[in-house]
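Below sits a lone chain in structure tokens, taken as the form predicted on its own.
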């Protein structure tokens, strides 16, 4: 059996006032597409940014992050720079601030390839145009000469995706890659990821709020809540037979086309404040099946689910 391309064990991310990721563990195998879902503030993006060590200086990391067997937390700054954009790439969530406003779009995409060995100008120009065309940007040679302010938000998001896949990375981390895109363009971005996965064997870690995107693209699904993994399993199983009350609650808030659902059910309450420690299961104040033990002891992640009760959902 092949080794994981990414292996995270007992990851902790803390700041002076709070711990925002606590005890996260999972693997991503070569060629696997893994989705990560959860409410805002659940630790999804912090976990993803930890892989590339793109966290504020005040962040403290504990545990282990291994990429192709090498410990990322022990890498030198030079090793991290060599890995970023070549072996591991990331599509960031905010396309409005991810480009340098005074450099042309094409030059910024070309720079991502130049930094990792591609020098020939003609090859770079052709590759940039091909990448922009692959994400649905028309007249790509001309658009490559445009500045970021001349692109709409959706076009910037597509250009970010083009930059991220430019070097054919072994692992692509996509943080809300379809945000602000219409349905047609969303499909183009997702198809690009499918093609990259199929042709290059690139593993993908997809962070999203969109359950439909997860269902169409991901083979495995990780559900996070309050900085913890609460459920991990094959996508079909998690979506059709959720085992954690939080996963079930998330799915109740999603419109369904295959059956009449009546009014959508919102999850009561708010996620816990990471700066204020909460005893027991972190979901217990919002859980319909809470028991006394849930308020006292935090359950471990066993058999892909973190729950004492495990109700028949």
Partner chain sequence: MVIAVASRLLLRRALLAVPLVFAVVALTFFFIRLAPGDPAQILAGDAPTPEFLAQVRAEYGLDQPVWTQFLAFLAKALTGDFGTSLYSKQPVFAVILERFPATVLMTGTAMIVASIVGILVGVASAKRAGSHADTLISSASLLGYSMPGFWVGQLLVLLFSVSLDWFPATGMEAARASYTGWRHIQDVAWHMVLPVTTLALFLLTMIARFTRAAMIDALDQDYVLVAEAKGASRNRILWHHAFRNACVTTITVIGLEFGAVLAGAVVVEIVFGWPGLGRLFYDAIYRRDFPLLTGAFMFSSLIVIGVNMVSDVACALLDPRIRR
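Since this is a predicted model, take the numbers as computed values, not measurements. Numbering follows the first chain given and starts at 1. So that the term is clear: the rigid core is the largest set of C-alpha atoms that superpose within 1.5 Å between two forms.
FYI, the form predicted together with its partner chain isn't displayed, but the following is about it.
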query: Candidate spot 98, 102 and 112, all three touching its partner chain in the model of the complex (heavy atom, 4.5 Å); finding: yes
query: Contact residue in the model of the complex, from 84, 220, 228, 243 (heavy atom within 4.5 Å of its partner chain); finding: 84
query: Listed residue (29, 278, 54, 61) with a non-hydrogen atom within 4.5 angstroms of its partner chain in the model of the complex; finding: 54
query: Close approach of residue 131 to its partner chain in the model of the complex, 4.5 Å, heavy atom; finding: no
query: Exercise: residue 92 in contact with its partner chain in the model of the complex, heavy atom 4.5 Å; finding: yes
query: 4.5 angstroms heavy atom contact with its partner chain in the model of the complex for residue 68; finding: no
query: Its partner chain contact at residue 122 in the model of the complex, heavy atom, 4.5 Å; finding: no
query: Listed range touching its partner chain, judged in the model of the complex by heavy atoms within 4.5 Å, from 68 to 76, 144 to 152, 122 to 130, 199 to 207; finding: 144 to 152
query: Residue 151 C-alpha moves between this form and the one not shown by 2 Å or more, core aligned; finding: yes
